[in-house]
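Starting off, we have a lone chain in the form predicted on its own, written out as structure tokens.
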């Protein structure tokens, strides 16, 4: 079980309460698909992913990016129970979708960059540490089925 400080809990809740899911989610997923093009193989039914402009303008990418953030919101609301919260998604991504679990970390890194850009100077080292700890727990929980 992960131990969360009051600062970490408050910081994570604050970040997600201010986040525009319809902007941040699509930006993070688009960045992941552009920077790590091999991740595109899981999105073959999304249509045109041939270049950065096509990816960033793709409505399916935008929609799924928003869905991902709403999935993270479940973790924010259940920080003490994330393994159970993400158990079903872990099974789905492992057994049905066959997603390489390393991709969760890649997306997490892209999301961190987008959040940092959104928060600017407010994304201090302490805030980053709390955010990355949260994302590491999410990534671990999603990868649980693979172990």
Partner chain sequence: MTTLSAKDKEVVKAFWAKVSGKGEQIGTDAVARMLTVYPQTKTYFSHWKDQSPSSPSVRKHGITVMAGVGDAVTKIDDLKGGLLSLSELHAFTLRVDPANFKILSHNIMVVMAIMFPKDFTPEVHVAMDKFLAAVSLALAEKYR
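It should be emphasised that the depicted structure is a prediction, and the values quoted were computed from it without experimental measurement. Residue numbers count along the first chain shown, from 1.
What comes next is about the form predicted in complex with the partner chain, which does not appear here.
Asker: Which one of these stretches, 118-126, 65-73, 83-91, 41-49, sits within 4.5 Å of the partner chain in the model of the complex when only heavy atoms are counted?
Answerer: Answer to the contact question: 118-126.
Asker: Is residue 99 close to the partner chain in the model of the complex, meaning a heavy atom pair under 4.5 Å apart or at it?
Answerer: Looking in the model of the complex, residue contacts with the partner chain do not include residue 99, since no heavy atom lies within 4.5 Å.
Asker: Please determine whether residue 60 contacts the partner chain in the model of the complex, using a 4.5 Å cut-off between heavy atoms.
Answerer: No, residue 60 stays farther than 4.5 Å from the partner chain in the model of the complex.
Asker: Since only the chain is shown here, I'm wondering whether residue 34 would be in contact with the partner chain in the model of the complex (any heavy atom pair within 4.5 Å).
Answerer: It does: once the partner chain is placed as it appears in the model of the complex, residue 34 has a heavy atom within 4.5 Å of it.
Asker: Look up in the model of the complex whether residue 56 has a non-hydrogen atom within 4.5 angstroms of the partner chain, and give yes or no.
Answerer: Heavy-atom contact with the partner chain at 4.5 Å: present for residue 56.
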